[in-house]
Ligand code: URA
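This document opens with one chain alone, in structure tokens, the form predicted alone.
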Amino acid sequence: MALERIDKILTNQNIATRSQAKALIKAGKVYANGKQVKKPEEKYDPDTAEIIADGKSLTVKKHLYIMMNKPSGVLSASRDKYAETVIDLLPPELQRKGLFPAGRLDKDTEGLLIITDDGELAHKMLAPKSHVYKLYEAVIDRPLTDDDCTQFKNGLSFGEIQFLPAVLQIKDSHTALVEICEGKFHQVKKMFNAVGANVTHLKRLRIGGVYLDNNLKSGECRELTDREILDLLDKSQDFP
């Protein structure tokens, strides 16, 4: 059981800033386990304490898991001095300290992005040895061929970079679905470069067993369901 200061609990759950939390406590508007909290330094177990702040019952979440439909032109970063990041796009109710994009998408790449403060899950999801597959839709600048599918299946190299075998499924002459279990820098783009093609548009559709919610417009996000959190580490391959 890890105890935390009550003002820190309120701050971490995006209920109030540290100063606002102290003001609520001073005003007698915070209760924990049925008793009025007197001091901000009082400690409670955030996983089990029944907390009411300003008349609202607080459901403490140890970690936050967010699905975003990342738009093009936004950085997959927690912060940047000069450019807009995916964290900047989060609505106030989902803002929280420690959030980061779990697995970056290039600035011009769109689609499914997971934002969380759970470093352990992010590591499991991204580690190559976990074999969690990611599915992309790619538009390229030349007609696709069956030979491209074969080369992807056999594994590709780009310069000194070696890529594991991947699945390429042709949708139409210039559009394909690509499934990989690695996450190397610019990987999908470089794999197409290796077969003499350039990617003109790229969108991630799935991570593990979690598909991008079609109801999310570009730049929108929502929390993952409990089922989706488990499905992030699904190792099965599946095409829509």
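Keep in mind it's a predicted model, so treat the numbers as computed, not measured. Residue indices: 1-based, along the sequence shown.
Just so you know, the form predicted in complex with this ligand exists too; it's not on screen, but the next bit is about it.
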186, 38, 171, 63: which sits within 4.5 Å of this ligand in the predicted bound form by any heavy atom? 186
If we test each of 100, 136, 133, 152 for a heavy atom within 4.5 Å of this ligand in the predicted bound form, the one that passes is 136
Is there a heavy atom of residue 109 lying 4.5 Å or less from a heavy atom of this ligand in the predicted bound form? yes
Taking any heavy atom pair closer than or equal to 4.5 Å as contact, tell me whether residue 105 reaches this ligand in the predicted bound form. yes
Does residue 202 make contact with this ligand in the predicted bound form, using a 4.5 Å heavy atom cut-off? yes
Choose one stretch from 211 to 219, 41 to 49, 187 to 195, 171 to 179: the one whose residues place a heavy atom within 4.5 angstroms of this ligand in the predicted bound form. 187 to 195
